[in-house]
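What follows is a single chain, given as structure tokens, in the form predicted on its own.
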Amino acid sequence: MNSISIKKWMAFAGLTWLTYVIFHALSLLNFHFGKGGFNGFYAEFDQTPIYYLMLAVLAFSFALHVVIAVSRQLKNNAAMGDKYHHTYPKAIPRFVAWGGASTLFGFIVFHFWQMQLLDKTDLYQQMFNIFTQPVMLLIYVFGVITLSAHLHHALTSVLQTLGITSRRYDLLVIILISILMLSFASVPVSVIYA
């Protein structure tokens, strides 16, 4: 498989996750409609076959995305040697870029397992319990910021890979990411000021 095909598979896996992130942000907005609506939505959705299919697709695309990203980076390092060790991307040091990706990976795994361990009979109250803990609040704020930074880099790269000039659509990318970030942030903010 050539480099362009691999990049397209990586982009496809990333876009699968972007679709889920948008769905997740929209579903979390149910929190603002109160306990009944929020608990009802998740109680019904978590019991459907679509939920389990979604988890399988997300797990596969997540693994595909990570494996391709790491293997491409290692291959580029080996092919270019010292020439490839310039700042990445746009004056961001390599360890910061990869540190951010690693942090996002850790946050996704942490968030998934934490959600599996929660008592789903009153998820609304569980969210209150999580976001009233300062450490958990900081973890989620940091996770959302890391996700937003990754999405900005990823979406501009995907657009470029698909042949769409990323500069032309950069404002649209920033608007989309800002809306997602504000949607995710609205839940802990509403808990803090409840």
Ligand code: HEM
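What you see is a predicted model; the values in this text were computed from it and never measured. Note that residue numbering begins at 1 and tracks the sequence as displayed.
Beyond the structure shown, there is the form predicted in complex with the named molecule, which is absent from this document and is the topic of what follows.
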With a 4.5 Å heavy atom cut-off, would you call A101 a contact of the named molecule in the predicted complex? no
Would you please decide whether F110 lies within 4.5 angstroms of the named molecule in the predicted complex, comparing each non-hydrogen atom pair? no
Flag D46 as yes or no: does it have a non-hydrogen atom within 4.5 angstroms of any non-hydrogen atom of the named molecule in the predicted complex? yes
Please check if V21 has a heavy atom lying within 4.5 Å of any heavy atom of the named molecule in the predicted complex. yes
Given the named molecule in the predicted complex, answer whether the residues L55, L123 and L147 all have a heavy atom inside 4.5 Å of it. yes
